[in-house]
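Okay, so here's just one chain, in structure tokens, the form predicted alone.
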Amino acid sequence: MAKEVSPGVLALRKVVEDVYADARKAHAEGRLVGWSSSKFPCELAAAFDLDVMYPENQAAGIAANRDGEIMCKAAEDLGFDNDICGYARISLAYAAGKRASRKVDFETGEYVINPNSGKPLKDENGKVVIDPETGKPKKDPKTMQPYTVLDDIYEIEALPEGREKELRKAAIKPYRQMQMPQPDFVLCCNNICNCMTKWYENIARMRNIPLIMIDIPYNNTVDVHDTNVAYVRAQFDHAIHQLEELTGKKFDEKKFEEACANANRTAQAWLRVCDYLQYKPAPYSGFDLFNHMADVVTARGRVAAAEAFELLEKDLAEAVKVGKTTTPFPEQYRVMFEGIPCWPKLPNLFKPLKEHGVNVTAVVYAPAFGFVYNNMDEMVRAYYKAPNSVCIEQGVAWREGICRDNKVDGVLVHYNRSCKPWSGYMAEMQRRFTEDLGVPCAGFDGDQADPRNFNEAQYETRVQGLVEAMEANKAAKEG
């Protein structure tokens, strides 16, 4: 039975698909298309009618589709260290023309199936069918997948016209957001991550294209000082001048204001959607919220995104009213998931949580994309509210506030190898959560994109330990 998808979720999928379809159309028509970091002010690009795409979202999608490892290795073969961010490695390989493709047999024109893929075939009683010859479970032919191989779009383009060229073009993985046109310019803002600076510099150098950079320094106080606002505001003005030179157009104040209005409306609806995790039981899981981050990043400045999130908000209100939830198990415990999920290992993350009735009802990463402001200076301050720009005191206050509002019983911390600046202070965060909130914490090692850095056995053990600590806490309170 197919999983029920709400109207709001369907609307959001279409919004994202339209953004990437528009970019592909613009590229085909010879218009400029760009790549942007997730927290670059999209309102500036919208003032020039520019089509932009988001490598972070694409990298997460590639990783979730189990192709993060082959793309990370491709970047390493290009000379990039395997110690840098997995998103960056995937993106740099992609910018160099590398693609995850299905292995094709040029004689038959069919894809070569990987014998290790596929789920066990089951009979009408739901029992696994055993092959009498091998004594092993038979594979379901419907779930068999081709081998994944690395290809190069420039090698393909250099081939003479003919069957091989067409087959290799068609073999490039077609899943959502994988096929982005190469950029004509890049937009970078380092408020989400310091790695962005070198990542986008390398793309610009590799592609010989303009880089428009906005630097938002780390802020060691809770409030953003006026001098910091002036520094970033000047960069906004310079970025506008660079975009004018790039496009040959003047800055359109009306389009900018329209994009700002849409972005604020989207952000407000997004934050209201995030707040539905406060209900007990929650009408959805934090993992659902992670999936919608692509929507708020990709199309924040479009009215369609605001409308879709408002529709999702109505869906959630109705779900609370009738007691429905997307979580496929009774909610026994509620936890905050700190950091970005291990996209290549989502089923492995979810399985032990499901077994113990643990629902993720608080996440920090998602609400951080809710930029709300009334004027340009407030806009600068809003873009300062990002993980790489706030002091530890602000970070602790945000997280503890979410934990209290969303009624968590514990905290699960992902020590993300790809995100060292964020993960570096997590040990201190854990200490504070336990001391201030009285909830147990457990940390595990992983990676947002590279499955080689995730240890399933360690993760399961840590979840088990967290559940035991939450059970003891619950028993003590009840006693």
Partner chain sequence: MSIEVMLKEFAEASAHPYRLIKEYKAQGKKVIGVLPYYAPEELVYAAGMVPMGIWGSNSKTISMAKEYCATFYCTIAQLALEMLLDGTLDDLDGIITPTICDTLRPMSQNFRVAMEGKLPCIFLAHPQQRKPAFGLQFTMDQYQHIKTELEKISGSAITDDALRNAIKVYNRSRAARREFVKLAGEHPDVISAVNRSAVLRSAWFMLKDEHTAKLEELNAELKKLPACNWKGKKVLTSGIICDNPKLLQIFDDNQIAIVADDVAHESRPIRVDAAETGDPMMALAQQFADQDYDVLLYDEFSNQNRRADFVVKQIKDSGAQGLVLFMQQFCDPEEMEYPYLKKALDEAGIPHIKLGVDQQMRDFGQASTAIQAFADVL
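Predicted, not measured: the structure shown is a model, and the values here were computed from it. Residue numbers count along the first chain shown, from 1.
A second form of this protein, the form predicted in complex with the partner chain, is not displayed here; the remarks below concern that form.
*Asks:* Pick from 108, 125, 227, 375: which has a non-hydrogen atom within 4.5 Å of the partner chain in the predicted bound form?
*Replies:* Spelling it out, the residue with a heavy atom inside the cut-off is 227.
*Asks:* Using a 4.5 Å heavy atom cut-off, which residue among 245, 355, 275, 83 comes into contact with the partner chain in the predicted bound form?
*Replies:* Here the answer is residue option 83.
*Asks:* Each of 206, 209 and 419 within 4.5 Å of the partner chain in the predicted bound form, by any heavy atom, yes or no?
*Replies:* Yes, the whole candidate spot contacts the partner chain.
*Asks:* Partner absent here, but in the predicted bound form, which of 262-270, 234-242, 334-342, 277-285 has residues with a heavy atom within 4.5 Å of the partner chain?
*Replies:* Going through the listed ranges, the match is 234-242.
*Asks:* Looking in the predicted bound form, any heavy atom of residue 174 within 4.5 Å of the partner chain?
*Replies:* No, residue 174 stays farther than 4.5 Å from the partner chain in the predicted bound form.
*Asks:* Closest heavy atom of residue 179 to the partner chain in the predicted bound form, within 4.5 Å or not?
*Replies:* Close contact is absent here: in the predicted bound form, residue 179 is far from the partner chain, nothing within 4.5 Å, heavy atoms only.
*Asks:* Quick check on residue 431: any heavy atom within 4.5 Å of the partner chain in the predicted bound form?
*Replies:* Result yes; residue 431 sits at the interface with the partner chain in the predicted bound form.
*Asks:* If we define contact as a non-hydrogen atom of the residue within 4.5 angstroms of the partner, is residue 194 a contact of the partner chain in the predicted bound form?
*Replies:* Yes, contact at 4.5 Å.
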